[in-house]
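In structure tokens, the next block holds one chain alone, the form predicted on its own.
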């Protein structure tokens, strides 16, 4: 047997894979309610399904680089197709920026908590992850982020609205980061849920070090179809294309994205459905003494039950056991261990989840 350790990159053992075991459980037991991974509960429209079916009839052919869909995307932002890179979801963009800018020993600056894939992909290329805790109000602590910048900082990532907290970074605070001139990826994965907030795409006209990332996995409801895109200066898009794997988007995903972009009212309907769920969950859980839901601009709600004397893990396990609802707990943060997150489901699923959480606290009161 060969000694693989002699050939593997030396930092491989420090990498923890992105955990998808909850999806294995969910797919094996369809009766479970999937409220743990920020999926859209509304299925793709008939128009999207038809587009995929028609594209599949040409499945013997390699796809092009999506000139039509890139033109449609570019038009939304008053940009050119040369400013658009299409991808296998925004996860590929995260991986791409790491491989473009980060070498072993370089630093990637992230808020904490945020989407865990950022740090995982940074470590995959040997990068050093520098995290800056959000403030006690779970807002970006930009002064602390600026202090954390060093000569080794090669990439900064800002998720807005942030996952899992749901807040936008204020424009003036974001610009303090942008003006550093360090490559910065602005992840707008959840922006379509609140289109009254303008994209930061216009920044790429002035700043050639900015990448704005989007995905069709969230408000568009196409997580399993896998389509995303990056917006950037033409020269930076050129570097993306040097690094990309050919045919990274399939005929099916391109066709689905083109169809989805023509359904503005459908997108608004999905966003409104989600946002009503956010309002409901926040309103109902705020009624429980010691429980604090954080209003979210995404398709999830972060909740802190520390002041109720329980851990997030206890709630997550109870809701799973008693109601068959899968939600997610988070590691203790700032000495508080009651954090958990609900990904919005159907209105019926939201009601089931909230009822189970209320029942958890009722059972605890009976035990005392």
Ligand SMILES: Cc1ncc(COP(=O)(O)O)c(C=O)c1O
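This is a predicted model, so every value here is computed, not measured. Residue numbers count along the first chain shown, from 1.
Another form exists, predicted in complex with the named molecule; not displayed. Remarks below refer to it.
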**Among 233-241, 218-226, 290-298, 258-266, the region lying within 4.5 Å of the named molecule in the predicted bound form by heavy atom distance** = 218-226
**Request:** Identify whether the named molecule in the predicted bound form is within 4.5 Å of every residue in the set 285, 340 and 361, based on non-hydrogen atoms.
**Result:** no
**Message:** Is it the case that residue 169, even though its partner is missing from this view, gets within 4.5 Å of the named molecule in the predicted bound form, heavy atoms only?
**Reply:** no
**Request:** Report whether the minimum heavy atom distance between residue 274 and the named molecule in the predicted bound form is within 4.5 Å.
**Result:** no
**Message:** Contact with the named molecule in the predicted bound form for residue 83, defined as at least one heavy atom pair within 4.5 Å: yes or no?
**Reply:** no
**the named molecule contact in the predicted bound form: residue 91, any heavy atom under 4.5 Å** = yes
**Of 159, 204, 138, 73, the one that lies within 4.5 Å of the named molecule in the predicted bound form (heavy atoms)** = 159
**Fill in**
in the predicted bound form, the residue from 210, 189, 110, 98 with a non-hydrogen atom within 4.5 Å of the named molecule is 189
**Message:** Where, within 231-269, is there a heavy atom within 4.5 Å of the named molecule in the predicted bound form? Residue list please.
**Reply:** none
